[in-house]
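The chain below stands alone, shown as structure tokens; this is the form predicted on its own.
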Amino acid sequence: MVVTYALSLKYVPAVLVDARRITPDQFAGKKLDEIKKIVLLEGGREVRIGELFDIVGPERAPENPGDIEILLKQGSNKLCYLGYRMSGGRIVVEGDVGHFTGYKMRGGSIVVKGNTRNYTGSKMRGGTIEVLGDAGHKLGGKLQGEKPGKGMKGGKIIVHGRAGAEVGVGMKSGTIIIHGDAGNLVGVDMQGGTIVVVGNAGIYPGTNMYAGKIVIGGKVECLLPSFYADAILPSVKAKGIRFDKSFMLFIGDAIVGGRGLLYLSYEDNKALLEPYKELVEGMRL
């Protein structure tokens, strides 16, 4: 039986809050009074959960994190690291959240009924994150300065709105689906996994891509010359999403010896892709 702990902010934080201990794993097996005493960081100041939130829930949490749901009845984009390393259970946010939501997440699910800031799902290994609004930069990515492959290694991220730049930077495995538009450098340093952008994307998708799959269903601003046109396809289906229009398949990034697959909507990028059409048709002769 799943139990729910409802958290309501007593005041809106003016500075960033390190909320990494708000997870089913941290609540598991604790009495309600013990949960209220869990320490967070508000800026550089220690603050207990019970000082920041009113909490309503059972007197003792189940031992299994998978049996715990945490409901944040009011979000804030100052709440960072929510769901850090969580292994099970569910977090639901009725509003916005801050940076690093689901950082190093291993299981369970996070649903944000608003927007998230940068690094959502960064370095996650399992579980599901669903954002009903927009997401910031480096969705499912690695940290600045880390080597390719240090980003997302499993799990699934679904964004119903838009996402910022460098979606899936350095990701090695897992799935990212964006139903709106994405920014520049989708899949930069990508080592594996799948990224599907239903809408438009910015410049240079797949930069330094070594492996994996990128599907962009709308327009792209420009394409790297280090991708080779391979085929024109009548339709594409990826992770349950079907595009009933023609796509051009590219392979690259040749700069790094990559064999990644980049699918671009031919219908939405005719002016950009027309020069490649003769090359593809010539390969069939």
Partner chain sequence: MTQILIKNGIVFDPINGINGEVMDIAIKNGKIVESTEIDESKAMIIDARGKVVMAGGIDIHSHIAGPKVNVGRLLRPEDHYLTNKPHVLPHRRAETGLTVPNVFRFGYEYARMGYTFVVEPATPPIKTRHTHEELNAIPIIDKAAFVLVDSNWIALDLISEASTELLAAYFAWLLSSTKTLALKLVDPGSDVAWLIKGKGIDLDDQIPGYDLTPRDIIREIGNASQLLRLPHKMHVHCNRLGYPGNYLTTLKTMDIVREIKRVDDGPALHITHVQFTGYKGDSWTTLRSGGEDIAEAMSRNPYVSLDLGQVIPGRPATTMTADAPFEFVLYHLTRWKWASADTEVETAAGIVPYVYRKRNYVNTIQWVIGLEVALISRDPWRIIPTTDHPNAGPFTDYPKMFAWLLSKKAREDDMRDMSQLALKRSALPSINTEFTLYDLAVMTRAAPAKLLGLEKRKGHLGVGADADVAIYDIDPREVEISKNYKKLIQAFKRTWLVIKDGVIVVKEGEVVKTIYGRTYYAEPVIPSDLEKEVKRVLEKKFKEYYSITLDSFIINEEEIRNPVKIKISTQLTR
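Because the structure is a prediction, the values reported are computed rather than measured. Residue numbers count along the first chain shown, from 1.
The following text describes the form predicted in complex with the partner chain, which does not appear among the structures shown.
**Q** In the model of the complex, which of the stretches 41-49, 242-250, 56-64, 227-235 has residues with heavy atoms within 4.5 Å of the partner chain?
**A** Among the candidates, contact is made by 41-49.
**Q** State yes or no: in the model of the complex, is some non-hydrogen atom of Y204 no more than 4.5 angstroms from a non-hydrogen atom of the partner chain?
**A** No, no contact at 4.5 Å.
**Q** Answer with yes or no whether E130 is in contact with the partner chain in the model of the complex, where contact means some heavy atom within 4.5 Å.
**A** Heavy-atom contact with the partner chain at 4.5 Å: absent for E130.
**Q** With the partner left out here, check for me: in the model of the complex, does some heavy atom of L143 sit within 4.5 Å of the partner chain?
**A** L143 belongs to the contact set for the partner chain.
**Q** At a 4.5 angstroms cut-off on non-hydrogen atoms, which residues of 91-105 are near the partner chain in the model of the complex? List them in order.
**A** Heavy-atom contacts to the partner chain in the model of the complex: F100, Y103.
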